[in-house]
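Form predicted on its own, single chain, as structure tokens, below.
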Amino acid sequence: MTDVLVADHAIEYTYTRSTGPIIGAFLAGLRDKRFVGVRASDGRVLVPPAEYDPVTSDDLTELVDVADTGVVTTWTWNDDPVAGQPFDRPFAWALVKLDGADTGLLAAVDVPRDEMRTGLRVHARWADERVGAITDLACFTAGEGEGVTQGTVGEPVAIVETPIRLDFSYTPGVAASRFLRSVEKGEIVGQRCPKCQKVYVPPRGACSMCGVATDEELTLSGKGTVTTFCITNVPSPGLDPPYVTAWIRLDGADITSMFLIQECDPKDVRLGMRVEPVWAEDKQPNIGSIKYYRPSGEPDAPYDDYKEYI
């Protein structure tokens, strides 16, 4: 039985955006322990506020204070919280219609499972340190709060930075797992279509042209030809500009693969350049085991060898 790989991955970055006068006022209100909505053309008070009228699409400008108390209109229970959520123990997500508002605000509700219900009266629990972000609202909890806080909203929040993270597990499948296992051993293997004889590297398990399984494996030398490339002048994590990424047709393959080109001046990289892989000392079953490609010192490939891959 083939040992299929599974790897845990995370995509994480900070999202920065300007807020505008309406959302900025809403966030400023949270910073001051109060809820601010906006009145729509049909008289409804929207919380959280919208910048444009949902009926007419006109700009909305009339800010309205609403209470820090409300009622749960619908909810779901979260038995298994993940990192970054309000609690590390089970809790409820709910839409809460605040007193004075006509729409629901999504937030965590901190009550025991057997007390959670639609129609539950709740009030806001605020974070101890507030910065003008949605996380200033720690959660809602059962009971009554302070009611409506009125007055002038403080300086609107102009910019927000929101950390975003997605954790996921990736299973490459049987064919790709075989390829990655070969890379771990310092080899590059492909698979040939038994019908059209096209060689796929990395292998896909089936031919995209014929739709048949590609069971025949073959080991390639690893050398290849640059078919097209890009010089990047913007910094990337772990890479100082300028650096070169290239689509390389490996010898014996019928599709191209993308790798870094190093150990040469970026301006010397060219179509037809012959290149060879540089392997990491500590090879793992991932494509990072090939650190980059470098010029092999061989004469450039004839144009006819790679013209269909440009």
Partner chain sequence: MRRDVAIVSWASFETPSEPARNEVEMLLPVIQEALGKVGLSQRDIGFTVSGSSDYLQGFPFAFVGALDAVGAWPPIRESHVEMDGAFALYEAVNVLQEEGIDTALVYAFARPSRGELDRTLTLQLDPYVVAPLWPDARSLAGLQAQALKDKGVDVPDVPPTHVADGAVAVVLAVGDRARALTGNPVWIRGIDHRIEPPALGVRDLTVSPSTETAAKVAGASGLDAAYLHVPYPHQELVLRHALGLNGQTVDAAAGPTMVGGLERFAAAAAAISAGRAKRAVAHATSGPCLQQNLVAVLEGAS
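All values derive from a computational prediction rather than experimental measurement. Positions refer to the first chain, counted from 1.
What comes next is about the form predicted together with the partner chain, which does not appear here.
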Checklist line | Distance check, D167 to the partner chain in the predicted bound form, heavy atom within 4.5 Å | finding: yes
Margin query: Just checking whether H123 would be counted as a contact of the partner chain in the predicted bound form - the rule being heavy atoms within 4.5 angstroms.
Written below: no
Note to self: Using a 4.5 angstroms cut-off on non-hydrogen atoms, would L27 count as touching the partner chain in the predicted bound form?
What the structure shows: yes
Notebook entry, point to check: So in the predicted bound form, does any heavy atom of K185 sit within 4.5 Å of the partner chain?
Noted result: no
Next item on the list: Taking only heavy atoms into account, state which residues of 251-285 are within 4.5 Å of the partner chain in the predicted bound form, ordered by sequence.
Entry: none
